[in-house]
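Encoded as structure tokens, the following chain is the form predicted alone, with no partner shown.
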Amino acid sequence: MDTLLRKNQELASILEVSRVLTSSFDLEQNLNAVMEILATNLEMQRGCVFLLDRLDAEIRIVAAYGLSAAEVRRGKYRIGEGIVGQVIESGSPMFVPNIGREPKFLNKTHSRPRKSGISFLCIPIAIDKETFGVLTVDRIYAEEQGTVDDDLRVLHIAGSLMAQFIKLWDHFRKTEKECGDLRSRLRERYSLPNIIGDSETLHHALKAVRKVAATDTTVLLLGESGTGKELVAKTLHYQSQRAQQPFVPVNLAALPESLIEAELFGVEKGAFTGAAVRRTGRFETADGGTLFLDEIGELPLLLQVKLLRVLQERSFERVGSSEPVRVDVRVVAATNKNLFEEVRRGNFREDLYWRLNVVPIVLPPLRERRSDIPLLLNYYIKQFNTFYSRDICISRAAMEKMTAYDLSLIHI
């Protein structure tokens, strides 16, 4: 084969291997695609990617070319066993000119009924002195098909690219598992059984939460400060189909009026002095998930128009831009005000009120659910006892006094 043509073929193959390994995090699919590329380039009869399982110290085939499923299942080695096990143990490549004359070649896959004349190349898949497995190739050499050195060079580069991919895949898998565990804990934490209370008024509110949690319906949470509106908003999110997407809360009462628009809708680069970069707003951040607008009654009238458009059109413009941005966001709003009274006074748009008030859920204050006071007290005492390693309890007399306390004197 012409030397220049061979070099160009090698380079094209390496580039294709790199492209395949960066296309996704599908381990077996990507490694099998790499074996197809190397088979075309090296004219190999068979090829395998063995990976080391560190838990049981076993080396198994995860991708192969030219082997049946049964042969792949048989391809298992221990560290130090056969050529594959020795390369894993030493971290150095090995070349066997004729496997028929090499007693260390075990042929565990039984894929070579005639071993004589077949050459075997075994390259460690390693990076930063960490070995993940080996790459093996069977082929029969002819002078016009290149040399062993040519193949070893290509396989060494391919092995290095595989090692980088496998290391990234391992990090991705661990991160994905951690995220899954975190999502499970959040779903469990913000489940209805974890909302403390057994009163009829609370049960009525939670029944409504249970009905709308799995939908994309806009929800308006009504109730005094301290009644658990944000807790219910999180429960609506983590019990919905959007649980794996962002939950973005924003307290409109805590933001200066001049900053609310920028916080909600973002700012385009150059929109005003100091806007050196594009800034993402809360709606964009919540795309695919849930936006919790707490204290919605504090939203200025001018911005109520823009919020109404987002709810109707699912699009908005950043501050300083005329380009529409489309989002898929579920809105949950909350207020401690009587919004209908605010509409009557002209402080809140009637059309926005009806857009938000699709499913209203009223959360009762504690003074309307006195039977829940013992449950809440016991829950928090248990939490504090665990945290401070104490064993404190409340006497029956103290519990009765707290339950009988005139809660109309305070707002909870």
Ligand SMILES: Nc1ncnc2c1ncn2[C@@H]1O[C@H](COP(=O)(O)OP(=O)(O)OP(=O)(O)O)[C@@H](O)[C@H]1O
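Predicted model only: the values in this text are computed from it and were never measured. Residue numbers run from 1 along the displayed sequence.
The same protein has a further form, the form predicted in complex with the ligand, not shown here; the description that follows concerns it.
Of the heavy atoms in Leu376, some are within 4.5 Å of the ligand in the predicted bound form. Residue contact with the ligand in the predicted bound form: Asn336 places a heavy atom within 4.5 Å of it. The ligand is not shown here, but in the predicted bound form it comes within 4.5 Å of a heavy atom of Asn194. Though the partner is left out of this view, Pro246 does not reach within 4.5 Å of the ligand in the predicted bound form, counting heavy atoms only. This chain is displayed without the ligand, yet in the predicted bound form the stretch 222-230 from 121-129, 98-106, 222-230, 149-157 comes within 4.5 Å of it by heavy atoms.
For the partner-free chain shown, nothing in 93-123 comes within 4.5 angstroms of the ligand in the predicted bound form, judged by any non-hydrogen atom.
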